[in-house]
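Only one chain is included here, represented as structure tokens and corresponding to the form predicted alone.
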């Protein structure tokens, strides 16, 4: 299963796709080793992109191992050996899944989230202390999103800004100290988060209408049953495409300012092709097969 931040496979060379998979498998292994084996079910591809990007900025070459796994115990596949970037992405993955499960339980009384919570509660305990500043920021931000929802916020940019700021923090690990690099990564993370939030809101329109869930797009663009879902989507699509493309352009501009030591082809494939392909599928009422995004965590 793939998330929102995925490569466009058809335009990647076989060895490049295998390398992307090596990051996915390396992050999965790191989750199992640094937390517990069950947390590997919470792995999503947005954090795989984070690990890939941070490793690309590192002057040191990462090490590739060949190992079997639970899915293919007798077949050894290439995977990136645990390094500080994989460990950081794995830690933040666990923290964020825990917070999303907690948020889902509070908001929707989701028993699936409640039952999954012990796995991530214990796994994230030490990491919440290790990343205390970020953890408290995520808590406050998710509460702010909840408050906006309760207040019936009808401006999608307000809610998208809160989620974008969460992503901005996720994309700037403390061990990266160079100010210019941190500023660029923060911008890249912010625009990626804004894009994910708005695209996810558009993708969820039908479910949110059927289950009477909060969705800022329904309020901002005055949805009414008399208009119907498809007509509503057709009416707002041009504005949504414009604002999503604006975020992707800013994300690309930020990426171009980074000093990338390797994996240019894969990263550019994701940024210039993969994200646009996902956007096109979601906007055209498809892409349900594209899951495991940060924004969807614990809600499936």
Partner chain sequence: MKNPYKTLGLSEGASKEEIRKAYKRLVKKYHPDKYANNPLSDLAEEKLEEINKAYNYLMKNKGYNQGQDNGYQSSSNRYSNNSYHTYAQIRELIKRGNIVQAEKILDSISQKDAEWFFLKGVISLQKGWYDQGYQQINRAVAMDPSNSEYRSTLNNLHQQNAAYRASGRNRGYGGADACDLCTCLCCSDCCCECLGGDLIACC
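Residue numbers count along the first chain shown, from 1. Computed from a predicted model, the values in this text were never measured in an experiment.
Omitted here: the form predicted together with its partner chain. The next part is about that form.
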Exercise for the section: Verify the contact flag for residue 223: yes if a non-hydrogen atom of it lies within 4.5 Å of a non-hydrogen atom of its partner chain in the model of the complex, no if not. Expected result: no
Handout entry: 4.5 Å heavy atom contact, residue 184 and its partner chain in the model of the complex
Key = yes
Exercise for the section: Evaluate residue 247 for contact with its partner chain in the model of the complex, applying a 4.5 angstroms cut-off between non-hydrogen atoms, and reply yes or no. Expected result: yes
Handout entry: Exercise: residue 253 in contact with its partner chain in the model of the complex, heavy atom 4.5 Å
Key = yes
Exercise for the section: Have a look at 174, 155, 132, 151 for me and say which one sits with a heavy atom within 4.5 Å of its partner chain in the model of the complex. Expected result: 155
Completion exercise
Picking from 197, 190, 138, 88, the single residue whose non-hydrogen atoms come within 4.5 angstroms of its partner chain in the model of the complex is 190
Completion exercise
Assert contact_stretch over 207 to 215, 224 to 232, 156 to 164, 70 to 78 against its partner chain in the model of the complex, heavy atom within 4.5 Å, equals 156 to 164
Handout entry: Non-hydrogen atom within 4.5 angstroms of its partner chain in the model of the complex for each of 257, 272 and 276
Key = yes
